[in-house]
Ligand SMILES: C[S@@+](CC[C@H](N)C(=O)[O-])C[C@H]1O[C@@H](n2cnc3c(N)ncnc32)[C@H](O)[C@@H]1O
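The data below hold one chain only, encoded as structure tokens and taken in the form predicted on its own.
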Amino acid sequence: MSFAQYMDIALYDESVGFYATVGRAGRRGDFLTSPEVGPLFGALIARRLDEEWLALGSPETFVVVEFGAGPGTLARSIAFATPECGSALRYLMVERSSEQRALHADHLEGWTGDLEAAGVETFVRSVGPGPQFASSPIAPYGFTGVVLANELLDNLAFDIVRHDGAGNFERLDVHHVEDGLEFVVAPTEVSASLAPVLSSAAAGEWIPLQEHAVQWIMEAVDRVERGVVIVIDYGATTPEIAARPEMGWLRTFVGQERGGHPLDAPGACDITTDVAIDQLATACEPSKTTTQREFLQRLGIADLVDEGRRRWTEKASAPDVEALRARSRVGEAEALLESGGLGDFVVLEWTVEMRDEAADRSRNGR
């Protein structure tokens, strides 16, 4: 099988997949993402949601679809921040793993259930007091609002390919052998749209071919009638990724530590790669590209940290829960803005204006 097929099974199969069985984000889990650092990240994403809601004219129904919601940590932080758009907010956590979705109701007021397709459509079209939250493995189309994906695309299945400088490509397939699994090199073809991007990398270097991520971007933009698609992840260009020695872009994680070879223990570890931002751009050029550091600074992370310091100073002699949360903002901000870490993550935004049928046909080449 291709590595993409193997990776999809190893991560998402309901019986053996890492995320469907043992895999978890969080301090007690296998890796730490920005939402798990603390509630500060969610408070800042809430500010970005408010910006978009106001820019869209404060619609009475404002839909946020978070893909790869995991255990629901980001949604809980956003709810705790009480965004201005809350009265209109319909927040749908899209997650393939039923085990992860089962965690969404915990400590989340306004959760309305784990929905099937019909329920999703009712949820995102309804008008009424918000905020309301729901879970589903299914995402809607044709809504006004935001598609949000934090550290999702690095986990979408990818193939591993290289080129010879003369337009020929090979990939690594996964074969069963007597004592386990091994990589086998096989000739392959790539799409005309991605071939030039892949060929910009040095000949002979193995690189991720992220067709699933490209397809996800195309579908995400198509889902939104008006609004924005926001992707946050660690990423680089294809030539930069290819230059990593010994395929250093292909990583596994388990128990907060780097794991072993991705074929050694299927379903027992996370498998991830840097997101090739130039491959994503073949689907649709981003409207805006920044680092997470720049993104959070623009949203006022310094102001929230200063506010936290003031609250802690006022209550330091007899601190309550609120004061302790305020003090924690300093450490959270340092982690979220760290050079060489979360601060260097890439934030990609695709703005979607009111579309019509002719524009859709033109954009999709139909």
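The model shown is predicted, which means the values in this text are computed figures rather than measured ones. Residues carry their position along the shown sequence, with the first being 1.
Not pictured, yet referred to below: the form predicted in complex with the named molecule.
With respect to the named molecule in the model of the complex, the three residues 158, 201 and 279 uniformly fall beyond 4.5 angstroms at the level of their nearest heavy atom. Contact check for residue 67: a non-hydrogen atom falls within 4.5 Å of the named molecule in the model of the complex.
Contact between residue 284 and the named molecule in the model of the complex is not found at the 4.5 Å heavy atom cutoff.
Though the partner is left out of this view, residue 151 does reach within 4.5 Å of the named molecule in the model of the complex, counting heavy atoms only. The named molecule in the model of the complex is approached by residue 97, whose closest heavy atom lies within 4.5 angstroms of it. Per the 4.5 Å heavy atom criterion, the named molecule in the model of the complex is contacted by stretch 69 to 77, the sole one of 241 to 249, 82 to 90, 189 to 197, 69 to 77.
Residues of 223 to 249 include none with a non-hydrogen atom no more than 4.5 angstroms from the named molecule in the model of the complex.
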